[in-house]
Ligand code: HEM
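As a starting point, one isolated chain is supplied in structure tokens, in the form predicted alone.
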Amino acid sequence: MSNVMIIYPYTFSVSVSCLIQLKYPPYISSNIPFLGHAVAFGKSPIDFLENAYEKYGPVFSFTMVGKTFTYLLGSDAAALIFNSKNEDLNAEDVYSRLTTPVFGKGVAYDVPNPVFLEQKKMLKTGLNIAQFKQHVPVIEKETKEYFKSWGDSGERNLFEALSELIILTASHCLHGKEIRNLLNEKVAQLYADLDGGFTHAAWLLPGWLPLPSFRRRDRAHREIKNIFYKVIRKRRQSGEREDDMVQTLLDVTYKDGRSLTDDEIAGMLIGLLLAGQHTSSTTSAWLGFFLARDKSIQEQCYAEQKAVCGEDLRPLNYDQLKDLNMLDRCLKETLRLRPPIMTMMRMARTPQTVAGYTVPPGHQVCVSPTVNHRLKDSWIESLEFKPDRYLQDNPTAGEKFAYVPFGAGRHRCIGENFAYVQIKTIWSTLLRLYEFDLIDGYFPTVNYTTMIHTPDNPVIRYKKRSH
């Protein structure tokens, strides 16, 4: 605890010293040097954070692997991050070491924040309703094709299947036909190796270490970029135009009039795919297990398909997707109970005041959507899957940051609307094809060893519907 000594001159030439102490957040001490609470946190981060919240309140600090983390839990405390300016609470300082080897240099967190915001705006140009209307039949077709191999009934790893499908659908929709047509097993493996760069090791350890996962990540990055370069160059040389994200990025310019380089386009295409792939595949899998656990809700979602799309279940379109309110509520509730990203982080560059405490520069300042989504202060029956809670307009009215699966404010995820279109289309198609059941009542536990909290042993039972 550091003290600031201020001397105030009093009358009669007497001076007294007044001791003012900066009030730092409560600190959870540890007897383990350097590692600190890394083991306890790594084993069960949600329990760790909820216990700390009970004991210390909404703001507290602790050390892991030589770094100090300050968590801000609850809507009021979380506001600090979501309303902050990047020069005060900095994103690049935290995420660059993780994203730059995967996406490449010159994009995302490897550039100054104003440039990154321009790049996000460029990508957002290609994520519009006109595009989404074209995406729905593409995703439906890809889903039907993919699940043909499942046959009439069986038991399969749902998360694995949805991870593969989401790469195919996202690539087709976001990258365009040319890149989708190049997607074979070899390229899918390259994506998996690149995706393997998003690990705790990549975040905590120096990038130059000769770890096998780092080598695979770096090789995959080079090879995927080369695939993208060929498509970009062919498009530039031929002058042919397609209505896809590649074309959007070829056409846009920065504010200063400069066009994107091939390297920037390739990096942004990788970022667009992989940043959303995790969240969509994880959320889709959890949604499947919630529906399998509560068969009455699953049947309501199936009945809704017939009510909205007709008894003969004609092919889906975007406008129908908007009317699937029950499915929408189930997706929202899945995102509440299993938000794919447990922690959003920033590095404090300037002292920050929150809940009467001062967070000093150098602290990694964190918000946990998972904890905020389960706080008993904000949510009734907080651990229960209750999609109908969203029949009210806002179940946490007045608490702006109680529900933040896609972030909030200037840091909100640009892919949120595409994720909703993708997941609702996939699950509309799956509900028409199959009935889903848990195997012997097994509902997956959460795998906390990955940065995205995936389901453990996510095997599900299915059988073809007789319409």
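In this text, residue numbers run from 1 along the sequence as written. What you see is a predicted model; the values in this text were computed from it and never measured.
If you look for the form predicted together with the named molecule, you will not find it shown, but the lines that follow are about it.
Colleague: Considering non-hydrogen atoms and a 4.5 Å limit, does the named molecule approach residue 414 in the predicted complex?
Modeller: Output for residue 414 is yes: heavy atoms within 4.5 Å of the named molecule.
Colleague: Does the 4.5 Å heavy atom contact test between residue 375 and the named molecule in the predicted complex come out positive?
Modeller: Residue 375 lies outside the contact set for the named molecule.
Colleague: Give a yes or no for residue 276: in the predicted complex, does one of its heavy atoms lie within 4.5 Å of a heavy atom belonging to the named molecule?
Modeller: Close contact exists here: in the predicted complex, residue 276 approaches the named molecule to within 4.5 Å, heavy atoms only.
Colleague: So in the predicted complex, is the named molecule close enough to residue 171 to count as touching (4.5 Å, heavy atoms)?
Modeller: It does not: once the named molecule is placed as it appears in the predicted complex, residue 171 has no heavy atom within 4.5 Å of it.
Colleague: Does the named molecule, in the predicted complex, lie within 4.5 angstroms of each residue among 272, 346 and 406, using heavy atoms as the measure?
Modeller: Heavy-atom distance to the named molecule in the predicted complex: all three under 4.5 Å.
Colleague: Just to be sure I understand the contacts: of 104, 340, 126, 176, which is the one whose heavy atoms reach within 4.5 angstroms of the named molecule in the predicted complex?
Modeller: Only one option qualifies, and that one is 340.
Colleague: Using a 4.5 Å heavy atom cut-off, which residue among 143, 334, 280, 99 comes into contact with the named molecule in the predicted complex?
Modeller: If I apply the 4.5 Å criterion carefully, the residue I get is 280.
Colleague: Quick one: find which of 47 to 55, 31 to 39, 417 to 425, 432 to 440 has residues within 4.5 Å of the named molecule in the predicted complex by heavy atom distance.
Modeller: Only one stretch passes the 4.5 Å heavy-atom test: 417 to 425.
Colleague: Taking the named molecule as it sits in the predicted complex, which residues of 104 to 125 have a non-hydrogen atom within 4.5 Å of it? Please list them.
Modeller: Contacts from 104 to 125: 109, 116, 120.
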